[in-house]
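Next up: a single chain in structure tokens, the form predicted on its own.
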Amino acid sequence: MRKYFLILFTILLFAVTGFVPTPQQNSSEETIAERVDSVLALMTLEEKIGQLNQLSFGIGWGPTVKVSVPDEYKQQIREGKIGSFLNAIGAEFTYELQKVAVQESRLKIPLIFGLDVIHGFKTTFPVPLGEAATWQPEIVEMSAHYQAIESASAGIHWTFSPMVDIARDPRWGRIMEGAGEDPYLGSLMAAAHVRGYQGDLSDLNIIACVKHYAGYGGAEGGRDYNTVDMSERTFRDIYLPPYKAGVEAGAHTLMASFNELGGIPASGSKYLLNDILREEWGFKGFVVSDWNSIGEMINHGYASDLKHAGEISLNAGLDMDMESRSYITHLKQLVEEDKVDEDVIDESVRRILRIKFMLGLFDDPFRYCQKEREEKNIMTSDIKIASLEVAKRSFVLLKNDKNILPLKKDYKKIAVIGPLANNSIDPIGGWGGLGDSADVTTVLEGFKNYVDKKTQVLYSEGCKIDDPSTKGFKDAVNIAKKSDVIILCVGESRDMSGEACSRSSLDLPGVQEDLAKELLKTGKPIIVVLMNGRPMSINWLNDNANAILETWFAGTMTGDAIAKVLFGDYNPSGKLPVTFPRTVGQVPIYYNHKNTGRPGDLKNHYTSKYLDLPLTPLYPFGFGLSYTTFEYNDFKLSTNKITNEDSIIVSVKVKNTGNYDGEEVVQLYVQDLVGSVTRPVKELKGFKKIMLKRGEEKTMDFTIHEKDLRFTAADMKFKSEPGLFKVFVGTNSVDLKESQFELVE
């Protein structure tokens, strides 16, 4: 039985949200296989090819999406030429489409409807990078569970999520969609998303799609869609594990990525789609292309035309074509020319029909198309409470000079300043689904909702996010002078991170830092609220602000969550899932790097370093402060020598030595000192989040097994090697206690 929650947290979730995680239930594979074959036997080649074809409605995004069904689409559905739609939204609209499929087509095969539900449907949750900052897989599972409820109630069967790409380059805009830089943390978050979306595949669950398979996060220069080229060992040890974790958690679909890997585009890679995914991992679901990624193999120089691209992709194991229209246009001819075997098409069709049976669509095609349920389940109080809970836990306290936070509740005047202070659009974040800015609580509104009538909340925008104008500075300074404390809300706009949103600078856009410099001159304390979808270089703020709270893009309940945390109703407990560089010139910078023959030493000229920067990042991986303090003592190992059959228990006492109850993420790292290939300076191997009351002390135990020490060795086998290992425990990837043990044969 899975361990979903700490006891205290379980009680909290039951009381506050009513969420109870549900283990997945296995349908009878044999029965489904028989039913799939019975349908397949009736299908013409054209109808088979139709199941492999996914088309989109060009509806865009927004809170009030209305669209009609083109006659062309209706006719294609009747002829069995479409197996799936994306961006078909709403119980009534999907009912209309499904009705054509099951009442007017020859074989009455139901459609499957997909949508990018990345961090919310109507109620938005924090962006996935923020969710990863909770370091609580159970919280992420809960978030995905509620997102599934809203989506399923609006006719959606399938989400193109989770994105599990490891990202070591914050210039890449899609870093906000994943869990950051670490394969261990990323794997746990991937599995949590899959469990939360899929559950037991009731009509309030949706199919997960692990993406982008594979290596998409390693794009050169952080430029989206760019080339990916890395060693097989780095690919297997760093980038591949979260995809595998998603598959092992039961994900029923994967999405092939845009990028090439080792010179072969992922959408045409038999090595990825068949050898690893199906042969090594035993994946039984189906693979969908990313948008026109089959057609884009022409631009890669790997396919001569769209027909050739379809031939490559289907033979490689890519089952469903999203929007290139290669399969529907060319597969029949390719079969006739003996370039594609119909048996290969049959296998892809089987995989897709299997999922439709698992969803219960053959038994009740309209089970997801109930208008009454849609009205009942969208933006409920339970879902908004869950969004608030996740948001609070995603925040990372980066600085708290002289314990200025939590804020005093007796301030007479509070200045809420900045382009994100009364902004209801950008907190929704990239991939905000149908999130409506009218439903978002801004920081200004959150403060006004929170403080009592004796406290006056003053507001000034000061400047725009990305605009050179300083006209608003004067008003902002005047407001600040009248106040006891400044809440400065700065960061990115929602369209500065996400797909196709790579940036060459990680500095605050526009004149936001200049605004902060003017406010500093007032002498009033400055609390920075940072909103963004990626690590940023905020050296000046770190040196001069009194406190900094990283809030990412926190979603619908942004303002309420920020107010509650700043005033101490919730003690921040988030930890960074990704390293924050001092400047873009340090990129890529990540904690689990390799050593060199000349490790960096500022006192030695001929070592690996920059002449104009410290060796360290601004904030390391795993970093995050609390309103209280924690002390680590009595660090010990149960033994200093183990065999392959043994395990070692690592224990440490953690004490809350501050003035507030609080949560701490206790982190375990290991370093393999000598290997048949060079090994990282440390690797995350475990963590536990614990609640400690003021003055309370607990002993935390971690167990290390031989399997935890495995890697891709010189012979390309995944195994451990005998030798010495360092083990570290602490509050982040830098501030650690260490010991040593030996693995012997």
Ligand code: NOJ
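For clarity, every value in this text was computed on a predicted model and none was experimentally measured. One rule holds for the numbers: they count along the sequence shown, beginning at 1.
As for the form predicted in complex with this ligand, it is not shown, yet the points below apply to it.
Asks: Just one of 348-356, 208-216, 615-623, 374-382 has residues with a heavy atom within 4.5 Å of this ligand in the predicted complex, so point it out.
Replies: It is 208-216 that comes within 4.5 Å of the partner.
Asks: So in the predicted complex, does any heavy atom of residue 174 sit within 4.5 Å of this ligand?
Replies: Judged by the heavy-atom cut-off of 4.5 Å, residue 174 is in contact with this ligand in the predicted complex.
Asks: In the predicted complex, does residue 672 come within 4.5 Å of this ligand, counting heavy atoms only?
Replies: Looking in the predicted complex, residue contacts with this ligand do not include residue 672, since no heavy atom lies within 4.5 Å.
Asks: Taking the shortest heavy atom distance, is residue 203 within 4.5 Å of this ligand in the predicted complex?
Replies: Contact check for residue 203: no, nothing within 4.5 Å of this ligand in the predicted complex.
Asks: Does any heavy atom of residue 664 come within 4.5 Å of a heavy atom of this ligand in the predicted complex?
Replies: Result no; residue 664 lies far from this ligand in the predicted complex.
Asks: Please pick, from 184, 258, 286, 447, the one residue with any non-hydrogen atom lying within 4.5 angstroms of this ligand in the predicted complex.
Replies: The residue from 184, 258, 286, 447 that makes the contact is 258.
Asks: Of the residues 93, 239, 160, 580, which one places a heavy atom within 4.5 Å of this ligand in the predicted complex?
Replies: Comparing distances to this ligand in the predicted complex, the residue within 4.5 Å is 160.
Asks: Please determine whether each residue of 290, 431 and 499 possesses a non-hydrogen atom within 4.5 angstroms of this ligand in the predicted complex.
Replies: Checked in the predicted complex: all three residues contact this ligand.
Asks: Sequence order please: the residues of 74-93 with a heavy atom within 4.5 Å of this ligand in the predicted complex.
Replies: Heavy-atom contacts to this ligand in the predicted complex: only 86.
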